[in-house]
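Single chain ahead, by itself, as structure tokens, in the form predicted alone.
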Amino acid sequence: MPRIALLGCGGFIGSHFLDAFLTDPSWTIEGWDWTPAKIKQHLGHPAFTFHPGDLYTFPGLEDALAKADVVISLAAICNPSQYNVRGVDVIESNFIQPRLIADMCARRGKWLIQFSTSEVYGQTLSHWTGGGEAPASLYELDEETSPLLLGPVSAQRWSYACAKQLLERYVAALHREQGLAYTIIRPFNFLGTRMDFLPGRQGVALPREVEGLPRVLACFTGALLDRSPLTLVDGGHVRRTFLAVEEAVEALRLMLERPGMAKNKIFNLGHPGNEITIRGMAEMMREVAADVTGDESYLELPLVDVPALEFYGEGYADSDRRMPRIDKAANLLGWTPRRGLRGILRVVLEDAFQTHASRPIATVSLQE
């Protein structure tokens, strides 16, 4: 029976991975995370073993990984509000610590599936050539040919992208020099339920890895639940693509089923057809909230512009666009995303309103 070691099993992606894979009796999973808050329904499953607490102080970690057929590494700080205020922790969480996991996998001959980020691409070529309308060659991001264009050291926001890029290069070097089998995944904005902790609503203390301002989906969801303005950083004009997390998990399943197609490769996972500005996403979420609740007053909630300096603090920077090429995943894995953004948002908001709308909300600071 194939065994998976899942590092960061209790987070957004990890929880959806467990939802999908624990219905399949052909897999057993051993997982590590700070908290089981998002995966309590799986704790008694006979094919799942959970270890709470700090992954990197777990006694006998390397021996445990050696028993697995594949190691999937999700554990990381990946919250933009943290990148320019906790640079040391971000670099440790995204390079120094996962480097230890890569070393263990190389020593024990294990296949490592390492989650990276689309942020390693940094700014697009179209950004550096003046932005605006540009040919696809200047903004489409390809795993093999696109340059990785990060900002200056003074823009501390790139600490996360830089750490992830260095980890990718380290993993590739371990493959060349020590024979490590690897797959690197670059996510392009996965969306779904349980994406972030909604401050004041989960009823649990948040570990430092998930503290701070939540990401855009949770920010907008919280605003809709509170009937408060939706905040747009620098007007919300940057463009992003969004992929249903369930479709990302399906891509991961295909990798595990077709290791010969997946090993020693880098894959973008995103949905080019779901590109939208952040302002457009806020407008769509108001519409979906009105539809889900039958209350058209949600359409009138204001959109408020706020400077990035005020929202994130000094050292923040952003990229204009992230449009993935997904030919490699399509050709090698037979994977094609199909779910549209409005449908994804409907599932998220139906869950949020059903779970939280009628409950009393504790008053907490987003900066706690």
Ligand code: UDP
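Everything quoted here is computed from the prediction, not taken from an experiment. Counting begins at 1, following the sequence as shown.
The same protein also has a form predicted together with the named molecule, omitted here; what follows describes it.
- Exactly one listed residue, out of 165, 274, 123, 189, brings a non-hydrogen atom to within 4.5 Å of the named molecule in the predicted bound form: 189.
- Checking 127, 86, 215, 253 for any heavy atom within 4.5 Å of the named molecule in the predicted bound form turns up a single hit: 215.
- Of the heavy atoms in residue 240, some are within 4.5 Å of the named molecule in the predicted bound form.
- The closest non-hydrogen atom of residue 180 lies beyond 4.5 Å of the named molecule in the predicted bound form.
- The named molecule in the predicted bound form comes within 4.5 Å of a heavy atom belonging to residue 220.
- Residue 318 belongs to the set of residues with a heavy atom inside 4.5 Å of the named molecule in the predicted bound form.
- Taken together, 80, 119 and 232 are fully in contact with the named molecule in the predicted bound form: each brings a heavy atom within 4.5 Å.
- Partner contacts here mean any heavy atom within 4.5 Å of the named molecule in the predicted bound form, and among 325 to 333, 338 to 346, 40 to 48, 304 to 312 they occur only in 304 to 312.
- Contacts between 258 to 280 and the named molecule, taken as any heavy atom within 4.5 Å in the predicted bound form, involve only 278.
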